[in-house]
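One chain comes next, on its own, written as structure tokens: the form predicted on its own.
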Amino acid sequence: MSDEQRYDELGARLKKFEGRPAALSGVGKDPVNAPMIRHWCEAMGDTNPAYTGPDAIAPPTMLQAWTMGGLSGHQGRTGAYDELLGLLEASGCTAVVATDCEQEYLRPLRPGDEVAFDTVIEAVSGRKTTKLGTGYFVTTRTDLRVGGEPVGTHRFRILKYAPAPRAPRPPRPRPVVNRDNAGFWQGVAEHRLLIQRCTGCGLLRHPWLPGCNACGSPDWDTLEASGEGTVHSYVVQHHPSFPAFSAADPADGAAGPYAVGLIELAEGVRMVSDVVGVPYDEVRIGLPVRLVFRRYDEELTLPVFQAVER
């Protein structure tokens, strides 16, 4: 059987779930109540006076909250929804993401209202390919009642999908090497951090320049740095994410925010580099660091600074 035939057969089986009940005569675990309303409003920062006092109503957007079953579930579940998800799991759609919801409000809910509901599997899409992967959109519709009177409708949609293969992490950008800084990068290749020194006035400088910005002399030699230094200043990169830079340590593959420091070397010059060996949120001004050379791939080695103390 070809892939297309398998997909067509699966799609036909999934379509049979449309219209099947996922919950019948379900009852909310708690009546509408003031404490839950207060927690919701505090979380949302909603200070509308309609949600407090003796005549309070519940925020309309809490509609789904009154039907949620928590970890133990709720009475009325039919098993159809779990069966549908199990079929998708078996087909390789092992990941899930909530995509959107739609709500319709027919009357306000008030503390003391006992919410009953029915849920139906309203729609299962055909096979869709997204950036996350290939899978199926599943939509459920929940109709809510109080005392037999309809009070609202909640539609909830998920994508159940087979994750797309992750792209390999791109390589770190290469430094621009030119005639003015080639000596510095040659030193890095030899695991030596070389600082330019003006032979006219003795001033140390970094980054490398073709001439001294103090006395103007074009003559210079180099001094090898001891590698000792401190964090003079730093920034933490949170967003946007740059995958090529998202690993503080390529050996452990740790991804996420990372710290970039302005390092003051013991010799007095400053340079920008990664601060490693300490969580990004523990980097601080004055943190002692020591030079290490980190190999990122077969062609790239960079000087970075390892925290001396945690």
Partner chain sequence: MRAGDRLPPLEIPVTRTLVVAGAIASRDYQDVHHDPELARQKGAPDVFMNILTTNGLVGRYVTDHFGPTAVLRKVAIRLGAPNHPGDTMVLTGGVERVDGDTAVVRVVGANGLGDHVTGTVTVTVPGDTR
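Residue numbers count along the first chain shown, from 1. Keep in mind it's a predicted model, so treat the numbers as computed, not measured.
The form predicted together with the partner chain is left out here; the points below concern that form.
Original post:
So which of 27, 34, 271, 65 gets a non-hydrogen atom within 4.5 Å of the partner chain in the predicted complex?
Top reply: Exactly one residue meets the criterion: 65.
**OP:** Name the single residue among 79, 170, 163, 218 that comes within 4.5 Å of the partner chain in the predicted complex, judging by heavy atoms.
**Re:** Contact residue from the list: 163.
Subject >> Segment assignment from 229-237, 102-110, 120-128, 201-209: heavy atom within 4.5 Å of the partner chain in the predicted complex >> reply: Heavy-atom contact with the partner occurs in 102-110.
Original post:
Going by a heavy atom distance of 4.5 Å, is residue 185 a contact of the partner chain in the predicted complex?
Top reply: The answer is no: residue 185 has no heavy atom within 4.5 Å of the partner chain.
**OP:** Evaluate residue 245 for contact with the partner chain in the predicted complex, applying a 4.5 angstroms cut-off between non-hydrogen atoms, and reply yes or no.
**Re:** Output for residue 245 is no: heavy atoms all beyond 4.5 Å of the partner chain.
Subject >> 4.5 Å heavy atom contact, residue 48 and the partner chain in the predicted complex >> reply: Flag for residue 48 set to yes.
Original post:
Even though the partner chain is not shown here, does residue 157 get within 4.5 Å of it in the predicted complex, heavy atoms only?
Top reply: Contact check for residue 157: yes, within 4.5 Å of the partner chain in the predicted complex.
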